[in-house]
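Below you'll find only one chain, the form predicted alone, shown as structure tokens.
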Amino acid sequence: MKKPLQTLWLTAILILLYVPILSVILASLANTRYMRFPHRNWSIGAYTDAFSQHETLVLHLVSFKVAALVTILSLLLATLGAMAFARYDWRGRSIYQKLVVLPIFFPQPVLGLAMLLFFSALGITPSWKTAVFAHLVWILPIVTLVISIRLFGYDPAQEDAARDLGASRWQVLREVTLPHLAPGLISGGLFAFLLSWSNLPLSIFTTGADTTLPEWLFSRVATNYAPVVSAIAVIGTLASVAIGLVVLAALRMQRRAARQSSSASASISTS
């Protein structure tokens, strides 16, 4: 009796998670201006329109530029920040930890409005570059927490042992520290990219004349909906899924190479 209930519960959760996504796909296959189901006529004309419009490419490029820069900068800054409070004991460390995670608790529209006022006070015209800074303020604490969780389980004595065996500082970083942090870095990078790629509240206030994909989808659904809107949403979702799969494949290849390298080292030492 327990197992059927578990299966029913898990099925209900999966339906709640994926039915909204399925509804967008179904809406993209209609040829009517208004969303309704079932469709009288099915069509892939919306996808033809989406791929033929230059605007589709521009929207994805702007969103990709913002998300890619946010990912790179957040990984660099979050790694240094996580090391500062996960590996070293210094005065003010506790206050630093609280200040680092504080932006997560601000509502994003409030944070976006504060950013807009901040840029206006400095005379900076909002663009996709200011959106990168705004996204960083909210996403950097999340990536810092993800990497610090990995660092808390790391024994720095491994680095001391490598130095005692004659390894240089660069060799210790490349062959000891980074391989241990790799799962946290990849997870943090994925979080940063996907959170920035799909962000709407901060982008509305800070992109200025540039438009990201979530902003365009929101404005078109609110004012001028057409099936091409759902088609572009599906294309954007597939693009983010493809990027996630590429990263996971790279992680799997890196783990396989590490296992092969350790097996080769073990066989050499045995012989």
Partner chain sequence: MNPRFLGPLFMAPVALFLLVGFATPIVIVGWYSLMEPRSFGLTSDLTLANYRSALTEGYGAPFYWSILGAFVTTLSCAVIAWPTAKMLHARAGRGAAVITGLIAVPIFVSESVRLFGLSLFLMPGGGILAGSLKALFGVSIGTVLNTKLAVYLGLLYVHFPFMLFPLLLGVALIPQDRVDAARDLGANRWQVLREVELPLALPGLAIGALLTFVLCIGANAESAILGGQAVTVVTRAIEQRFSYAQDWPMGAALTMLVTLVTALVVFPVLSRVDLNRLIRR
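Positions refer to the first chain, counted from 1. Take the two forms, superpose them, and find the largest set of C-alpha atoms that agree within 1.5 Å; that set is the rigid core. A quick note: this is a predicted structure, and the numbers were derived from the prediction, not measured.
Just so it is clear, the following notes concern the form predicted together with its partner chain, a form of the same protein that is not shown.
When contacts are judged by a 4.5 Å heavy atom cut-off, residue 239 does not count as touching its partner chain in the model of the complex.
None of the heavy atoms of residue 158 is located within 4.5 Å of its partner chain in the model of the complex. Of the heavy atoms in residue 127, none are within 4.5 Å of its partner chain in the model of the complex. Although the partner is absent from this view, residue 198 contacts its partner chain in the model of the complex, with a non-hydrogen atom inside 4.5 angstroms. Residues are counted as partner-facing when one of their heavy atoms sits within 4.5 Å of its partner chain in the model of the complex; in 190 to 220 these are 191, 194, 195, 198, 200, 201, 205, 214, 217, 218, in sequence order.
With a cut-off of 2 Å and the rigid core superposed, residue 105 has a Cα displacement that falls short of the cut-off between the shown form and the other one.
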